[in-house]
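So this first bit is one chain, no partners, the form predicted on its own, shown in structure tokens.
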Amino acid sequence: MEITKTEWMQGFLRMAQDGWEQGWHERNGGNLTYRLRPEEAESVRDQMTPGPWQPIGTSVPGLGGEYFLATGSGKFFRHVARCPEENVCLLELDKAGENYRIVWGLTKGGKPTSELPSHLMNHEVKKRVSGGRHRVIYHAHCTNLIALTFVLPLDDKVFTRELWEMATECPVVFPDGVGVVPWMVPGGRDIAVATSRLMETYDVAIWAHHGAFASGETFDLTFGLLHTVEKSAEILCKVLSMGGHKRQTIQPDEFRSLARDFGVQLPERFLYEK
């Protein structure tokens, strides 16, 4: 089957379009990667044309020999679904996990996303901690989450608790909470290391004044996760714009009751008394 017609490519394109329509990808903002299953890569091997090996900029031995779909550096999300072969690439990693080569896509030239080190380091962590289930890493410039990084302490506990309080479904959708990375220059190893450390615990890492990284098993679950977090952030922004005083909100014991009924575990460090 032609690569652009496969189920996994169609899911990738749909997610990119959904993110664009949310307003999370101005100009060339944001990036998306997907770790292929072995049988998915094998099914399109006859369409691969390997290019030269290039250094990743970091080492991810836990991903050696694997294949990834990635948006291109400088490419606009608004064009991804319309013309994937120009804006998306299929990558192969070498056995050591230190180099990559493009085997399909970016037909008008270019490189994979400049955030490739961050994506691959996060993929390596999430592959390990999820038992291989997580395959999607998504970076988006979510408006309300970015706004909150200017007014809330850049603290995992504060961000998690405030977002949980905004909608009852939030602690069910992201029961492990969210992590926060202080402002750092994007695209390099330092921010990749900081994010991957948070991904040991969380499925969402917020980049101060920049956006968020999310990880999940499928395109739908990953998009739905970040959509829920951003919706919560939007509600909180509205509460803050109305003066910030909460006449009532969900209390720690109520969160505990919710966790029991929905079968999730909520870390006690987020259920502090205010």
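Don't overthink the numbering: it's just position in the shown sequence, from 1. Quick caveat, the model's predicted, so the values are computed rather than measured.
There is also a form predicted in complex with 1,3-dihydroxyacetonephosphate (13P); it is not shown, and the following applies to it.
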query	finding
Interface segment, criterion being heavy atoms within 4.5 Å of 1,3-dihydroxyacetonephosphate (13P) in the model of the complex, picked from 92-100, 155-163, 79-87, 114-122	114-122
1,3-dihydroxyacetonephosphate (13P) contact at residue 57 in the model of the complex, heavy atom, 4.5 Å	no
1,3-dihydroxyacetonephosphate (13P) contact in the model of the complex: residue 74, any heavy atom under 4.5 Å	yes
Partner contact for residue 197 in the model of the complex: 1,3-dihydroxyacetonephosphate (13P), 4.5 angstroms, heavy atom	no
Exercise: residue 31 in contact with 1,3-dihydroxyacetonephosphate (13P) in the model of the complex, heavy atom 4.5 Å	yes
Contacts with 1,3-dihydroxyacetonephosphate (13P) in the model of the complex, stretch 131-158 (heavy atom within 4.5 Å)	139, 141
